[in-house]
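Presented as structure tokens, the chain that follows is alone, the form predicted alone.
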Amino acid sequence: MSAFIDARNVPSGTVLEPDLAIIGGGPVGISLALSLANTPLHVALLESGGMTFDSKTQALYEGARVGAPYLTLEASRLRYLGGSSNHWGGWCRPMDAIDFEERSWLPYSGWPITKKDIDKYFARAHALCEGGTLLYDRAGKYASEMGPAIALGDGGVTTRWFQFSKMRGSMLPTHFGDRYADDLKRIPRLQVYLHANATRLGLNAGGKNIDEIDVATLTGRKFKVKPKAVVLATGAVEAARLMLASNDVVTAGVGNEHDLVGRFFADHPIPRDTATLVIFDGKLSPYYTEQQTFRGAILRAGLFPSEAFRRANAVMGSSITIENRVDLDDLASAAVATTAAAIGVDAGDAIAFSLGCGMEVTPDPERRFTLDTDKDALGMPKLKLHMRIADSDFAHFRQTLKELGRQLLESRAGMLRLNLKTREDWLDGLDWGNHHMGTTRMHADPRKGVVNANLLVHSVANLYVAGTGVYPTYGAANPTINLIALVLRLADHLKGGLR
């Protein structure tokens, strides 16, 4: 069993020469290393942090923000082995086919791969996330055993299902560092370096190959890695920073010939109390409001726009969740009674809930990161986020809510009150999913994307980017499990190309 190596003990000037360097020890880097375990490849995994949280290491994420309100950059990720799986909520569900499609009404849409290209890896990704029995929307076949689904009239919004990660022997979602540390140690040709910060991707003189990686520790040690190939698995924000800051050979930065690195940043907005849902008969199955363990899986139902509705109405993806029970004031109670009487139902036992959501945003090249003048403790430039969110993103979701309200009335099961009208309403208390995406987008055309369908940087022969930064569009599904499926596909590609 190999041991993890503390980079703070590696002598300065050391040169490592693995076949493959993986930069980043979060779910992506760990999943990739595990997938390459039975290959002849010698792999070095470089993780910035250690086995536990450290405030000085965490501070390396700090950056500036301008524009629309957004989270502080150091609050969105955790910088130690396991990465942000150390604080994720474990929400999982597959992306939809439409998420990969080029849509005439959505500029910059279209992936160079289809949903089918990652579907065959999804079960393995699900197993790595410890998601239990693979059910998802098949759970609808058994929902009646847990209680009836909300009755909805024919239309564009349907009940669909999330599943949740649960780490073996714990009540928490799978923390990849804790869960897989021993498995990593059993890989004979893998070396995991902790407290090892990649500070430069060193291009050769022609700018077409990564010849070396500069690595530094917060204690002042510096050494180099000279791999045959590199996988950048640091997350969308840090991948963009490292590529932009590695500008000693190509002044725009590695892979940035067309000024795309750092652009198209996205996250899933999570506005609170978007609407009030009223159920006339007072009966709501518990799987809508909280997790339920059922048939070997942890499940929760949500309300989603169908792919057909999204196409027909040119709206973005979203997920609607039913949250806290709320009391209706006198005016709202009168509105419920009047509506129920008008459609001929008894609302004497009516109950109401606030609705939350996860929204997809439209791709925007001006929502981006640029290098700032401030430096971090390693001497690397910090980032500045130029944050924007379009009014159309809120309008798309409002349209989906209206469709849900129409279906509830058609079925005479309930009604909906929309609570947010103005931009200020939406932004007030707006939360985010901490799902960083889009900064190193995937496209077959190097003028429109940073990486190709195999996640290889178009202009660099041996640099891959593995992270949700490669997403051209974002869907509404939580990204971790879908990203791991994409990374397992990359592992198969690397097995064929680095022998």
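Given the structure is predicted, the values throughout are model-derived calculations rather than measurements. Residue positions are given as counts along the sequence shown, with the first one as 1.
Missing here is the form predicted together with a small molecule; even so, the following discussion is about that form.
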property	result
Contact stretch among 35 to 43, 455 to 463, 433 to 441, 62 to 70 - heavy atom within 4.5 Å of the small molecule in the model of the complex	433 to 441
P305, E360 and G475 each touching the small molecule in the model of the complex (heavy atom, 4.5 Å)	no
Contact test in the model of the complex: S85 vs the small molecule, heavy atoms, 4.5 Å	yes
Residue contact check: G131 to the small molecule in the model of the complex, 4.5 Å heavy atom	no
Distance check, T339 to the small molecule in the model of the complex, heavy atom within 4.5 Å	no
Heavy atom of N256 within 4.5 Å of the small molecule in the model of the complex	no
The single option of Y180, F223, Y136, Y80 touching the small molecule in the model of the complex, heavy atom within 4.5 Å	Y80
In the model of the complex, the one of G153, G296, G140, G89 near the small molecule [non-hydrogen atom within 4.5 angstroms]	G89
